[in-house]
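One chain comes next, on its own, written as structure tokens: the form predicted alone.
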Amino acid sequence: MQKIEKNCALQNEKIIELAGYKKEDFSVCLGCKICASVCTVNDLSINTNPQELLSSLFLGNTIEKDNPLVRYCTNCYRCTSACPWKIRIPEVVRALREDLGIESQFEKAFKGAISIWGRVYEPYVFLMSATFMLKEGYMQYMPKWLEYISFHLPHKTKRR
């Protein structure tokens, strides 16, 4: 059992480093849970708390693939904007996803938009994610999401 805990702690340190942090950087988290209060995932009626994810990493606990934040984080950085210490939780989530071998439909769509236009184009991301959202029952949250999306015509950027 002790060997499993040690492996998990080493794995978590690797994830923390991959996110561009050191373990000590998470010790400044005040536990205020402001990040949870602004989290877009909670708009989906899923009870997530980014602060718990940071605590689990800091303490060396196992984080499962089915953790709602790991599965559904949209990388909107609202949590980072609200955090008194500006902890970049989406980068931690991306590092976790990479370590766990998970790539969300949103990430695939973001990468697709960037490869086509050289930047994120929200309507494209939405359209590429629409089948997933329909299948999973997320369309009921469309009115809330439209508050965050700005629609504009795409244009290709010149690549050098």
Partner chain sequence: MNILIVGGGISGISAAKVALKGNHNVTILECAAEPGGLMEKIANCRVGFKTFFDEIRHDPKLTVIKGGKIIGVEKRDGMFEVKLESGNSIYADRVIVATGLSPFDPKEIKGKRIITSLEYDALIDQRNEELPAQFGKVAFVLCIGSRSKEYPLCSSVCCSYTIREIKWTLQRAKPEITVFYNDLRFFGQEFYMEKAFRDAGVTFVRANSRYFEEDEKGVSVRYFTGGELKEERFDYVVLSIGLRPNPQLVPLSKLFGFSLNGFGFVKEEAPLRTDVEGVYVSGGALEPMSIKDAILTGFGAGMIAIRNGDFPSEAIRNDERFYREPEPEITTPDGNFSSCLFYLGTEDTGARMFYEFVSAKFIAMARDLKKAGKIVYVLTKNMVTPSYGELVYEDARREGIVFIHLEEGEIVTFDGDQARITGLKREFVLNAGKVIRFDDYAYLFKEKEFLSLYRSEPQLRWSPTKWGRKRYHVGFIRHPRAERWETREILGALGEILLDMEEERVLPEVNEERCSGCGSCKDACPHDAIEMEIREKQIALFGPQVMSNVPIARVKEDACVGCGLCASTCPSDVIHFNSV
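Residue numbers count along the first chain shown, from 1. Computed from a prediction, not measured in an experiment: that's the story for all the values here. Under this definition, the rigid core comprises the largest set of C-alpha atoms superposing within 1.5 Å between the forms.
Another form, the form predicted in complex with the partner chain, is not on view; read the next lines as being about it.
*Asks:* Even though the partner isn't displayed, in the predicted bound form is Asn67 close enough to the partner chain, meaning a heavy atom within 4.5 Å?
*Replies:* No, Asn67 sits far enough from the partner chain in the predicted bound form that none of its heavy atoms falls within 4.5 Å.
*Asks:* Answer with yes or no whether Ser37 is in contact with the partner chain in the predicted bound form, where contact means some heavy atom within 4.5 Å.
*Replies:* Ser37 belongs to the contact set for the partner chain.
*Asks:* Is Ala130 close enough to the partner chain in the predicted bound form to count, meaning some heavy atom within 4.5 Å?
*Replies:* No.
*Asks:* Hey, in the predicted bound form, does Ile116 get a heavy atom within 4.5 angstroms of the partner chain?
*Replies:* Judged by the heavy-atom cut-off of 4.5 Å, Ile116 is well away from the partner chain in the predicted bound form.
*Asks:* Listed by sequence position, which residues of 20-36 have a non-hydrogen atom within 4.5 angstroms of the partner chain in the predicted bound form?
*Replies:* The stretch touches the partner through Glu24, Asp25, Ser27, Val28, Cys29, Leu30, Gly31, Cys32, Lys33, Ile34, Ala36.
*Asks:* With both forms fitted on the core, check whether the Cα of Lys14 differs by 2 Å or more between this form and the one not shown.
*Replies:* Comparing forms between this form and the one not shown, the Lys14 CA shifts below 2 Å.
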